[in-house]
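One chain follows as structure tokens, the form predicted alone.
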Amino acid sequence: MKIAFFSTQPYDKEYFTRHNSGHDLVFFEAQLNEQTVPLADGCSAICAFVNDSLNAATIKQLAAQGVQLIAMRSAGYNNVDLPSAQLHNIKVVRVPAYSPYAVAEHAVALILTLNRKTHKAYNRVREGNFSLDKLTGFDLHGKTVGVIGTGKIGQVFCDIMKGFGCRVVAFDLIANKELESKGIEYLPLVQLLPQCDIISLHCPLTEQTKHLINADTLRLMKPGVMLINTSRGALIDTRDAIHALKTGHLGYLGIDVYEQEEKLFFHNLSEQIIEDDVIMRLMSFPNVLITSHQGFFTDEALTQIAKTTLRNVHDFEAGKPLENKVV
């Protein structure tokens, strides 16, 4: 099967080529949208990523070109218009799990870096400054950590934070019995937020969770709280978070995702003027740490993403049941 890959990065070519067997892979750096659909001409399947635009107009064009399968190389698929895919009889598959450890461990890395300020210490020492002034952190041991969303990634994150000696509380629509047996307490969101020293988001982006963190929920949080997001950018109303940072109510913010990241992340913009005033304002805070959606970026995760995506395509081509079908 001929597959058109969009939003391709060098690592995509490396891992998909390494694990490919029999498929014709065509790689494009361009994001998929209504203007770039013609690049997929002659392909029966397209492989897309989180920032590609698979709206109704894009899917209609894909169907007209004979595309039968949308293979997301990600767990998330909120950028896909599923009713349009169904209307045009295009199957959508995804990678539901690649390495929950990769993302959970990155969330912990953000916590430790923000807390112990290792990024600042690194830069100081390189300049010959060995002062410890303003590098004070706090013990994670004994702190209360709130986990919003306890799927596979959230569950791994809970286990790691328990290992630090933290009290871990959680919010989800369905309580995880295994976590409860380990001492994780499930609470309503309004009860969880005021208790936590650290809050980490691990839930999917849906209509119900969009801007879950907003002015109202931020006000419920403890002053000086640390907020971590390695899930989806739009879980946080960024402007409300900026206001909370300015007032000092939000003590730390660590994000690997951003609501308007599609025009920024995965690109080298070091020689350009960044016109996004919101992220530039975020970057001006000394207590904000931003990474560009690299939580998934481990060898194990990239290998699993490539293998699962190619297996999804193979199963579709062979007429087998699609284990990872969305629609």
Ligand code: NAI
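For clarity, every value in this text was computed on a predicted model and none was experimentally measured. From 1 onward, residues are counted along the sequence shown.
Another form exists, predicted together with this ligand; not displayed. Remarks below refer to it.
Counting only non-hydrogen atoms, choose the one of 25 to 33, 64 to 72, 288 to 296, 271 to 279 that falls within 4.5 Å of this ligand in the model of the complex. It is the stretch 288 to 296.
Counting non-hydrogen atoms within 4.5 angstroms of this ligand in the model of the complex, say which of 132, 190, 125, 174 makes the cut. It is 174 that has a heavy atom within 4.5 Å of the partner.
Could you work out which of 161, 93, 226, 153 is the residue within 4.5 angstroms of this ligand in the model of the complex, going by heavy atoms? For this set of options, the contacting one is 153.
What I'd like checked is whether 111, 200 and 251 together line this ligand in the model of the complex, meaning each has a non-hydrogen atom within 4.5 Å of it. Zero of three within 4.5 Å in the model of the complex.
Can you tell me if residue 137 lies within 4.5 angstroms of this ligand in the model of the complex, counting non-hydrogen atoms only? Result no; residue 137 lies far from this ligand in the model of the complex.
Could you tell me if residue 103 has a non-hydrogen atom within 4.5 Å of this ligand in the model of the complex? Contact with this ligand, yes.
Interface membership of residue 208, this ligand in the model of the complex, 4.5 Å heavy atom rule: Heavy-atom contact with this ligand at 4.5 Å: present for residue 208.
Though only this chain appears here, would residue 204 touch this ligand in the model of the complex if you measure heavy atom gaps against 4.5 Å? Although this ligand is absent here, residue 204 would touch it in the model of the complex, with heavy atoms inside 4.5 Å.
In the model of the complex, which residues of 245 to 266 put a heavy atom within 4.5 Å of this ligand? Result: 256, 257.
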